[in-house]
Structure formats: structure tokens, C-alpha cells
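The chain below stands alone and is given as C-alpha cells, in the form predicted on its own.
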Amino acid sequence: MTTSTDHSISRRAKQAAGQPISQLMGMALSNPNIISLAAGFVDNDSLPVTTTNLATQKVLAAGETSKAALQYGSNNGDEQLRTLVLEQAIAMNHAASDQAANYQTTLEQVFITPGSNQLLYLIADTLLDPGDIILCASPSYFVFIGAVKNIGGRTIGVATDNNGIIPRSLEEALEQIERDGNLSKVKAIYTVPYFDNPGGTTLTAERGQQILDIARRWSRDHKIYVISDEAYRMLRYEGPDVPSMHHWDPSLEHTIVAGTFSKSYSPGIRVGWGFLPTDLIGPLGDQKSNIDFGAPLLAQRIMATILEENLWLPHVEKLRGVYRQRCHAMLGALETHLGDVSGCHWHKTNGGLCVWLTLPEHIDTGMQGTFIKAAVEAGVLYVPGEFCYASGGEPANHSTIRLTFGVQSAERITQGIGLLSEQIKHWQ
């Protein structure tokens, strides 16, 4: 039966219903002793209270400048913070590559947002009309998939391997879309190039360049952008860094970069950033002004002080030590408990916070199946992999799981994987 409330709610609000985050949080809250390997939160004990306190005191002890920090700011964000973020990104890319790049990115192309999720939503809302398409990895970040759906767009999944999106599969997806007469609807290619959430994969420099080249070649009626979501770049535990796609597109003709301090410093600060092509500065800025006309300035000034005082990178090193131990604990526990179980495999990530686990195909890990209920009753929670697949393209694998190791201790992670493995073996 249709109620009067149904008629009062917008189509977008209805499309936003049933978010997996709320369902999973409900399961965790109703089982307070559960070992949650689902939440993408950061380690609570490593939150930078002391450094944030020092930076805050400095910001608020500067007379008239302190008052300015408590005022409204500009739509683009604090100029000092934008300058420092851009300089840091360029320096990292130079250090990660043996090929020089002539960066022509201007400060006007740098936006500050309260976390990177707002930026990703603004990008989708700026680029997409209902029915428009964004290509993404299969699997991909489910929050972004949900945002595209909420706006009325479509996500098309592209096959991946241990190095992320397969360029040839991306070409094939575009060829199929063209045969279907929908190439004009393709607006962007979404990537999480560093320690992908959920897959844990990292794009090689060669693949990053190939994806960028594909976007350029297929930009026929209009420009196709590459969205580089770099939320996890700083959380590298093994191996050398890889230059951003920004390095191969130094003027940002086709590349949109999204970054955040949520994972590498503190999610409570709520400071993210974006580097935009010049043709998106006005349209996205107009969209942003309808939402907040400037991210909270106090948080920006605190974060700028942390960068200026060289307090950020030492904290990153501390986090790397904490998460490296937990990552090794999860990978070691998986090898111990599931290494000899037929049909079980996972990607051995070198960073980030996620491990992608594939189970035997007869085990349905989804919310409507009995496996997750049994796992919760046993005392462990995960994110069903079904949430991480696009609405079209590569089919969803319902025997997959996203595991995260950011919150739990190494001991709890090992215990949780043991409980999960008992259920998997029971279903064999």
C-alpha cells in the first residue's frame, strides 16, 4: 500500500534507502562482543590527540588570525592548506617516479572539502545526468557506487586482477557500451589506485598511464575523466611508492584527484581535498556553494598548522607501524586457517586497511544468506562482497568478503579470522 509519506519523499531519498553501512552497524551494535572485521574505522589508540592539541593552541593563540579561523572561509578552502597539500602531492610524485613532469596545476584547481566523500559525491553530481555511466573496478568502493546510484547514474564494473583494473577489459567495456549506443553517456572512470578499497590492489605506473590513455582516446563527443581516489596512498607498509595519475597528466586535463587526511591523520578533523581539471572548477564550485560554501575553516587551519610544523609525516610513520602489524596478522591468520582450503584465495595487499577474500562459490556471503548469520552468531562480522559490485558490467561474486584490519588488535584479528574460518570449513 502506498502511503502519503511515499509521495512526499524524493526519488533520490528513496534510492538512498537500504545503505549497507546502517545494516552492518545494526548487526554490530546488537552483538556488543562481536569481533568486527567490517568497519573501515581507524585505530582509536593512535588518534593524534597531542599533536592536534598543539596545533589547535597555536591556531587559537594568534589574536586576529585566531578570530579569522572561527569565521566563514572561501568556497575553495584555506589558501595555505591548499598550497601545502599541492606541494606535498607534487613532491611525492617526483620522488616516486624516475620521469620528470612539468606540473602546471594551479591553486585554483585545488578544493578543500570536509572529507573526500563529499568531494566524490560532488564530482558525481556535477558530471552525471540520470542514466549516465561511470566505469569502475569490479569490485569497487561501495560508498561511491551508492552515491552514483543515489544521483541516478549507473556504474559499470570492469574486470580486475591483482594489479587493479585490467586495461584491455576497460577497452572491451567501452567497445560494448559503444555498440549499445551509449558511449555519449560515459562520463568517467573511477579508480582507487592505492590499496583499493575493497580489493587491496595497487595500480602499477604502467597501468595508470594506460587507463589515462584510454580515457583520452575514448573522449570523442566529450571529455571522459579519470577519478583517482587516493584515500589510502599514505598507508603503504611494503614496497616503493607509485606516482599518481596526476604525474602523467600534470595539467589535470582528464584527471580528478581525491585525497583525505581521514585515514592518514584523523577522520574527526574531516579535511579532504581535490585537484580538478580547469573546466570543472566553476561547475563543481557552484555545486559546492549550494552545500556549504566553504568547509569548516577551523579544521583547515589546524591541519595547515600540522603540515607546516612537520607533524603529519611522523604520525603517518607511527600509523604504518601499527597497521603493518595488523595487516601481517590478518594475512598470516588467513594463511594458517584457510591456506589449504580449496576455493579460498585472497590478495596479499601491501597497504591500506582492506583484504578481499573469495570463498568457494557455493558459499553465499550476502546479507540474505545463512552464512553471515552463522558468522555473527559465532562472533565475527564482515562486509558482504555483494555490496562492492557495480550495477552493470562484470557480474557480482556472491562468495566474496571485505575484511578490514584498522580497528581490531592483532590478537583480535587472529581470533576473528579463526572464527570465520571455522564457519567456512563447516560449509565445505
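Note that residue numbering follows the sequence shown and begins at 1. Since we're looking at a predicted model, the values are computed, not measured.
Quick note: we don't show the form predicted together with a small molecule, though the next part is all about it.
Of the listed positions (111, 225, 265, 232), a single one reaches within 4.5 angstroms of the small molecule by any non-hydrogen atom in the predicted complex, namely 232.
Scanning 270, 337, 326, 154 against the small molecule in the predicted complex with a 4.5 Å heavy atom cut-off leaves one residue, 270. Contact with the small molecule in the predicted complex, judged as any non-hydrogen atom within 4.5 angstroms, is confined among 146 to 154, 190 to 198, 71 to 79, 128 to 136 to 190 to 198. None of the heavy atoms of residue 294 is located within 4.5 Å of the small molecule in the predicted complex. Residue contact check for residue 85: none of its heavy atoms lie within 4.5 Å of the small molecule in the predicted complex. Residue contact check for residue 210: none of its heavy atoms lie within 4.5 Å of the small molecule in the predicted complex. Interface residue remark: residue 120 is counted as part of the site for the small molecule in the predicted complex, having a heavy atom within 4.5 Å.
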